[in-house]
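One chain comes next, on its own, written out as structure tokens in the form predicted on its own.
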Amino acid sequence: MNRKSHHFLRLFFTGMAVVLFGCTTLMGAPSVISPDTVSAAESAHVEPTATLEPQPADDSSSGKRYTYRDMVAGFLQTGPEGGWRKANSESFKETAAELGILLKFHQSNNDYQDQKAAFRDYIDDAEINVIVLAALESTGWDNLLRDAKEAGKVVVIEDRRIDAPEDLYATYVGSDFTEEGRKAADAMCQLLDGSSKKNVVELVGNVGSSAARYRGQGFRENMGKCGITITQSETANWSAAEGEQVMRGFLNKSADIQGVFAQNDEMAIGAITAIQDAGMDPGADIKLVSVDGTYGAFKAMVDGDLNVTVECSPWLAPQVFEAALMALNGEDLPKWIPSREEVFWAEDAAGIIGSRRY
């Protein structure tokens, strides 16, 4: 089946899902824990308590059965990074309100030391029994995690992996960043099929984050399938403004560029402006592939400026809170609960953009 036929069938079944279930997007393989709550929550704007509520076991030490209303969660967010991060924060606030969870929210403003200090505060907060971490850096968490474990706190890592012993936290809920990079490379190979040159520049996120590291790794794993060469690579820190600035620098150094791999949509949107200002047509003269699947990316695809976005769902709170409740009740969890993702192409964007929440 060719790609256009595949997308026609996917859109047909997506449309059927909207009619039958109110879902706005069908995603890939099912998650380990309650995958249906993610798409249902995203389309309905609230989290359905009935589908989220697991059957908790008795706590082996006290016999207490925890419910969501017994949960006090401290969430350590990274900081503002555009539409994806805003939606990720809204996911936790709305889900907590729907389930009756008391949520304490800390915006770290992209300051690693601030985030670590807030983690310490959550350990010392006697009310909090769950800590959720969207880590700014992948390393340096071991001592805090040990202290949290000794204090009896359940720690769930969300969105970004960390480099720490797995026995120090309950589980990680989030994406396969390496696979996102592979998907981006496969898409770029299709876009550059038949091109005599395949020079691609890379806009990198925060270099200390697992998302940046593994998306770059995944792209490199698959780019050799079609002879892509990364000629320039530089961090733009997930920012549209920095993406524009870095792309201008790439073009000033060499305009012999056939593709841009932006590790998030915001940086791709910045690159589009730089390409236009250089008198070229983004999406045609230079192909662009990005990651996240935000509304801004869909708008750019509808406008013809972005070719592909690889989805990275921000609506993780239903899975995070479900896993945390199970951990509070002494249940064993897998060390990775994957979110679900899809690849979206420009020709399909107009039929999907109306359903994008973030």
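Counting begins at 1, following the sequence as shown. What you see is a predicted model, and the numbers here were worked out from it, not measured in a lab.
Here the subject shifts to the form predicted together with a small molecule, a form of this protein not shown in this document.
- Among residues of the shown chain, Asp186 is not one whose heavy atoms approach the small molecule to within 4.5 Å in the model of the complex.
- Proximity of Cys312 to the small molecule in the model of the complex: non-hydrogen atoms within 4.5 Å are present.
- Under a 4.5 angstroms non-hydrogen atom cutoff, the small molecule in the model of the complex lacks Glu202 among its neighbouring residues.
- When the small molecule is considered in the model of the complex, Phe177 lines it closely, a heavy atom lying within 4.5 Å.
- Figure note: of the listed segments 76 to 84, 247 to 255, 148 to 156, 101 to 109, the one touching the small molecule in the model of the complex, with heavy atoms no more than 4.5 Å away, is 76 to 84.
- The partner is absent here, but in the model of the complex a heavy atom of Trp238, alone among Trp238, Phe219, Phe92, Phe119, sits within 4.5 Å of the small molecule.
- Only one of the listed residues (Arg213, Arg160, Lys287, Lys198) places a non-hydrogen atom within 4.5 angstroms of the small molecule in the model of the complex, and that residue is Arg160.
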